[in-house]
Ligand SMILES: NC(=O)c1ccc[n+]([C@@H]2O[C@H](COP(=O)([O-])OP(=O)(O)OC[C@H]3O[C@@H](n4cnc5c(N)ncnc54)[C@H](OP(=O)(O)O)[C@@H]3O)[C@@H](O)[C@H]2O)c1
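Okay, so here's just one chain, in structure tokens, the form predicted on its own.
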């Protein structure tokens, strides 16, 4: 039996699962199979992006599951992202329509701007386009990814519309305390990409191993539970069904305040996985 996944209510009134399934860098049949398996396991939030090159495969995996399981389309949340090369207003409108056509799932549940690309400085045009796409019902929920507090305020001031979500790099080595506070102040939901920390995941760190032993779970489950208790929506990726199930099974235990605090001590100012400072990094 698939575990029950709690939900968060976004600032636009829509609910979103408290844990999702990431699909980078899965492509082609591997992406189809992984998405189908994830949905069988119980995931109900699937993340994609134009730059992942897998929207067609992700859509195919979801449609296969819907057809075979009889699950209602509205029970699955599909999320994708607008690339930097499509930040011009008209290009953003067209890009979303292309994603709509590739996914073949009807309305895109969540569309995010993938990176702000502040040097190119067209992210405000892109946000205006997302606001329009929401009005046209091409997209249900609109948000951003990798935006700083300054970037957020610029698009909010420009349009009067606050993003529902900001998906940011967030893991024990880089816990983004300041950005999480900025999100709370603005009513924005935090999502976490690379929520375990990839190759730098602190599975052997004392706070993680101690909590894993205390609760009879794996270090990865401890980290994902830490994410959930912080109020973040982590987006782990795995093509392995057993690992998919493990990553989802984090709602049956609770970390203590002491355990949470100990894991937070692992954060570092230089804890990013790569040179991905949103003020300087650009991704087209």
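In this text, all values refer to a predicted model and were calculated from it rather than measured experimentally. Positions refer to the first chain, counted from 1.
Absent from the display: the form predicted together with the ligand. The rest refers to it.
Taken together, the three residues 109, 226 and 251 lack any non-hydrogen atom within 4.5 angstroms of the ligand in the model of the complex. Though the ligand is absent from this view, in the model of the complex it lies within 4.5 Å of a heavy atom of just one residue from 66, 50, 220, 56, which is 220. Just one of 207, 197, 84, 118 comes within 4.5 Å of the ligand in the model of the complex, counting any heavy atom, and that one is 197.
Between 209-217, 138-146, 101-109, 152-160, the stretch whose residues reach within 4.5 angstroms of the ligand in the model of the complex through a non-hydrogen atom is 138-146. Proximity of residue 240 to the ligand in the model of the complex: non-hydrogen atoms within 4.5 Å are present.
Contact check for residue 167: a non-hydrogen atom falls within 4.5 Å of the ligand in the model of the complex.
The shortest heavy atom separation between residue 33 and the ligand in the model of the complex exceeds 4.5 Å.
Mapping the unseen interface onto this chain, residue 61 falls outside it, with no heavy atom inside 4.5 Å of the ligand in the model of the complex.
For the partner-free chain shown, 22, 23, 24 of 17-35 come within 4.5 angstroms of the ligand in the model of the complex, judged by any non-hydrogen atom.
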